[in-house]
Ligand SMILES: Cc1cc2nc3c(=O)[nH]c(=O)nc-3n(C[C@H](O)[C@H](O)[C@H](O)COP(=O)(O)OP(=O)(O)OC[C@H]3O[C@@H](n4cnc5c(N)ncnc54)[C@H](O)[C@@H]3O)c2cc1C
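Presented as structure tokens, the chain that follows is alone, the form predicted alone.
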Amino acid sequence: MASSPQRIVVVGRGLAGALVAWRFMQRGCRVEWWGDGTHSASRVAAGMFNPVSFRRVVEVWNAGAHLAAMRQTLRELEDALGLKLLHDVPVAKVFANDDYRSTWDDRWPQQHGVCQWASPGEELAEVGIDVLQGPSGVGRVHASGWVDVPALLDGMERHFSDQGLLQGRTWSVKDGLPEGADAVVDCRGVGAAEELAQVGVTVNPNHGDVLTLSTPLTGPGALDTAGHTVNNGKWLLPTEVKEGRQWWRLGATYSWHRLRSTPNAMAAEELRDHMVKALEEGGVEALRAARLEAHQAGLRPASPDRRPTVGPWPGQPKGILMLNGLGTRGVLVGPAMATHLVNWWLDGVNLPPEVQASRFKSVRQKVPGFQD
């Protein structure tokens, strides 16, 4: 006789919760998705993905595998939800100076892995993005873009609600395994930080502001980046044409001392002041005059080593699981992390050591004998 499908409770209605709930459902489990409707940082983030770390001009962690998992999962979700979620948009990285340009261009003689995702430096005249200025040129990343995370979350909530599987319920680790459930997965992000700190898992709230702007399509005040996201330490992302105007996301700020997800009033000017450094005179005027459509902020759940924590909740009985710490690269790494968690729980596939909670000395000290 075939065994009945497992009942899985997923807690947290942000990106991590959505991806875990989806992957368990795809494996035939009966999934309930819980949450209390509190503000999620996932709804604020621009959902950008980029396989290149601009700070050191290297590939980000497991770029190829994570890109492949992301694209596969997004295709599944687009088909199931009837939505367009994945948008490929190249990045034009404006070089800060000639030394950075030299570091960038040196990757090609080295046959560095980063070269599969990007192109050697170019002069601005060669690129065709007239709005930019930068005497050291630009480098372009072609394997980049953004995911419409709010649309994904809304679509997933409708999908689960239609099946009666969306629950307005809260949970904390002291509640233990919900009655009748085979497992509960904690995807509360920053909401779980205090409890996780007690067992040595650090979730650092990273406050970020993002602006939504719009500009005319033509004429005075128009802004054209030739379909590129502009990055000069901050980023300016073209998203959609709506109501006869081009819409943009401009971000992001990073603050470790702001512990509430309320917008910082000074951030709007800070972000514009930084981005205009990459623009020529007409672009500066257009960005200054751009209409502010929204100013949002959220608390990203970041880990000390910038990698998520996946697997059993330290010190808890079997069946109490977690996925936390997706941080700023949540769109890129989240799908693979959800798959790792589900394959570990259902099939006994080992979790990658770099995402196990036991990698932290603080966990090993606070929960002696803990094994992932």
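A quick note: this is a predicted structure, and the numbers were derived from the prediction, not measured. Numbering starts at 1 and runs along the sequence shown.
Not on display, but discussed next: the form predicted together with this ligand.
- Distance criterion of 4.5 Å from any heavy atom to this ligand in the predicted bound form singles out 210 from the list 290, 77, 129, 210.
- Listed residues 303, 339, 62, 328 were compared with this ligand in the predicted bound form; 328 is the one with a heavy atom within 4.5 Å.
- Only one segment in the set 310 to 318, 343 to 351, 23 to 31, 41 to 49 has any non-hydrogen atom within 4.5 angstroms of this ligand in the predicted bound form, and it is 41 to 49.
- In the predicted bound form, this ligand sits beyond 4.5 Å of every heavy atom of residue 247.
- In the predicted bound form, residue 188 approaches this ligand with a heavy atom inside 4.5 Å.
- This ligand in the predicted bound form comes within 4.5 Å of a heavy atom belonging to residue 35.
- When contacts are judged by a 4.5 Å heavy atom cut-off, residue 163 does not count as touching this ligand in the predicted bound form.
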